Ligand SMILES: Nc1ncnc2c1ncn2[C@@H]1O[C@H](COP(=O)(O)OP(=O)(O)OP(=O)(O)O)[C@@H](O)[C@H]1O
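Here we start with a single chain on its own, the form predicted on its own, put down as C-alpha cells.
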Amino acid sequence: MTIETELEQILDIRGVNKAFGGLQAVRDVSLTVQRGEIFGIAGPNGSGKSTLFNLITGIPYGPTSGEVHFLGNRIDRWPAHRIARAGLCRTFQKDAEFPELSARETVLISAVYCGVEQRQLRERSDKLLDDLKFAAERRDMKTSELSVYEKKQLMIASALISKPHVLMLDEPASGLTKPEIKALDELLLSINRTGVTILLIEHVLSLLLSLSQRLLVLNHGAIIAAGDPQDVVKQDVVIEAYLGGRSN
C-alpha cells in the first residue's frame, strides 16, 4: 500500500521489506513525506514501526529489498553516518545517554558523530538548548541526574545539533506525564515551525492527532490505513488492530 502526495517530497520510500529468517517484519511499505510536514506513524506493539525507522536510517540495518530516496538521492545502500550527515536524523525508544557526561557534553558528542564543524560549537549547542527550553542551570549536570523530560529534550537536541532536514522521533512521549506531553507537543510544533520535517512514531494517540498532518498505521509489518488522522483512527481495521495487537 502506498501513501502519495503531489506536493514537494523530501522522503520517498518504495516497497521496502525486511525479513529476519522466516519472519517478515516489514511488508512492501511505500510512502512519501512532504517537506515541512509532521507525519505520524502508529500501530500496536510489534507492528514494525521502529523497524521501518531502522530501514530508513540504516541503523542498525537497511531493507532486504525496496528503495529509500532522500532529497532525490537513493540512500538505502549508504552507511548510517552518511545518511545522518545528509540531514536525516533519528531518536530511539530507549533514551541514549552517557551517564557520567553532562547534558552539554552529550550534545557536543552528537555533533562530532554528525560531522558538525568544531568552530563555535559550544555556542551553537547552547543556542539549541535555549530554543528547546532546557534550563541553563542544569546543563552541566550529569545526564543520569536529569528528569525523564529533560532526557527527552536532550535526546532531541542531540538529533537537532546537525541541523537535519528530517527529524525522526521514536515514541518521545514514553514515560512522560500529561503536563510533560503537552510541553512536548508545543516543543515539537516549535521545531516544525523552523522548517524541520518530522516523522513521529507514538503510542500516545492524542499527541499524534494533535500534531500529524497525515497518519499511517502499521500492523504485522504492513500498512493497514493511511490518510487524515481523524479519519484513520476511526477505521474498523485500525480499532481491531489495537484491540488484538500482539506484544513485542
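A quick note: this is a predicted structure, and the numbers were derived from the prediction, not measured. Residues carry their position along the shown sequence, with the first being 1.
Here the subject shifts to the form predicted together with the ligand, a form of this protein not shown in this document.
- Of T57, T51, S210, N192, the one that lies within 4.5 Å of the ligand in the predicted complex (heavy atoms): Of the listed residues, the single hit is T51.
- Item | G36, heavy atom within 4.5 angstroms of the ligand in the predicted complex | It does not: once the ligand is placed as it appears in the predicted complex, G36 has no heavy atom within 4.5 Å of it.
- Could you tell me if G66 has a non-hydrogen atom within 4.5 Å of the ligand in the predicted complex? Close contact is absent here: in the predicted complex, G66 is far from the ligand, nothing within 4.5 Å, heavy atoms only.
- Message: Is S144 near the ligand? Define near as a heavy atom within 4.5 Å, in the predicted complex.
- Response: Residue-level check for S144: no, no contact with the ligand.
- Item | Residue contact check: H203 to the ligand in the predicted complex, 4.5 Å heavy atom | Yes - in the predicted complex, heavy atoms of H203 and the ligand come within 4.5 Å of each other.
- Specify the contacting stretch among 192-200, 179-187, 22-30, 66-74, defined as having any heavy atom within 4.5 Å of the ligand in the predicted complex. Contact criterion met by 22-30 only.
- Task: Note that the ligand is not shown here; using its position in the predicted complex, name the residues of 32-48 with a heavy atom within 4.5 Å of it, in sequence order.
- Result: The stretch touches the partner through P44, N45, G46, S47, G48.
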